[in-house]
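The chain below stands alone and is given as structure tokens, in the form predicted alone.
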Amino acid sequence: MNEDQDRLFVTALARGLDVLAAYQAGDRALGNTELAQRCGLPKSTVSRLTYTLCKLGYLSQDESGKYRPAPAVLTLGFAALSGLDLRERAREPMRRLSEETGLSVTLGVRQGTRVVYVETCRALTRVGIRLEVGSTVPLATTAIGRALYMALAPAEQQEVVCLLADEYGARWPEVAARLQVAQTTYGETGFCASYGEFEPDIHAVAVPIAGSAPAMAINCSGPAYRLTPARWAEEIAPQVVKLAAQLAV
């Protein structure tokens, strides 16, 4: 059943949440036009939603007329993080792995077709992508996203594929082919990789954590110049596989 046929689905609520979800790490303030483009909604609709969210304390409007997330959003975020017991258990072993390898280690969960970082240990040599709790990256082209895809049941994978096909449009066949290769490789090696596919100067390997709820994956990433793909597979991936096994519920 799609959303239009679901009598229990509250479209206005969903659209309001879409506006809040449109903000990404590094965004300062967004106007109604920008939010409308990101959400795929009419500007008039977004204007009413931002007005309501301001009244409720989830957005605040600055002197330029643009909007930024307000403290009420933090309440929701911290409540969600506090319920992730695995995040607490993972923090120290993630820090050790980061120090031993000189690479960044992250823990993430899936949100639609993106991955949200819920814990990060950033290496000093990190380049390229911002690594902060709450930052998001694509699912289909990143190692951590692919690992989370592998953790899904076949029916859930098919739902995600439909979302990705809509998102990528004409580019989807190429992205789908790479995702299929990643799935085959995961079956053979037990880890997922992305060597410069999301960011040209970043390599990464990731593994889903068995039994975690919600499903989570552990990721190790760093500058492409540090290690060849072969060394990532031979030296780094086994350590990530081992850590994922230790954290398995």
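Here the structure is a predicted model, which means the values were calculated and not measured. One rule holds for the numbers: they count along the sequence shown, beginning at 1. Take the two forms, superpose them, and find the largest set of C-alpha atoms that agree within 1.5 Å; that set is the rigid core.
Separately, the form predicted in complex with the DNA exists; it is not shown, and the next lines address it.
Open item on the list: Please determine whether residue 31 contacts the DNA in the predicted bound form, using a 4.5 Å cut-off between heavy atoms.
Closed with: Result yes; residue 31 sits at the interface with the DNA in the predicted bound form.
Open item on the list: Under a 4.5 Å heavy atom criterion, is residue 228 part of the interface with the DNA in the predicted bound form?
Closed with: No - in the predicted bound form, heavy atoms of residue 228 and the DNA never come within 4.5 Å of each other.
Open item on the list: With the partner left out here, check for me: in the predicted bound form, does some heavy atom of residue 66 sit within 4.5 Å of the DNA?
Closed with: Close contact exists here: in the predicted bound form, residue 66 approaches the DNA to within 4.5 Å, heavy atoms only.
Task: 4.5 Å heavy atom contact, residue 42 to the DNA in the predicted bound form - done: Taking the distances in the predicted bound form, the answer for residue 42 is yes, it comes within 4.5 Å of the DNA.
Open item on the list: Please pick out the stretch from 43-51, 177-185, 191-199, 216-224 that is in contact with the DNA in the predicted bound form, where contact means heavy atoms within 4.5 Å.
Closed with: Flagged stretch: 43-51.
Task: Core-superposed comparison between this form and the one not shown, residue 13 Cα displacement 2 Å or beyond - done: The answer is yes, as the C-alpha of residue 13 shifts between this form and the one not shown by 2 Å or more after core alignment.
Open item on the list: Once both forms sit on the same rigid core, is the C-alpha displacement of residue 193 at or above 2 Å between this form and the one not shown?
Closed with: No; that C-alpha moves by less than 2 Å between this form and the one not shown.
Task: CA of residue 224, rigid core aligned, shift of 2 Å or more between this form and the one not shown - done: No; that C-alpha moves by less than 2 Å between this form and the one not shown.
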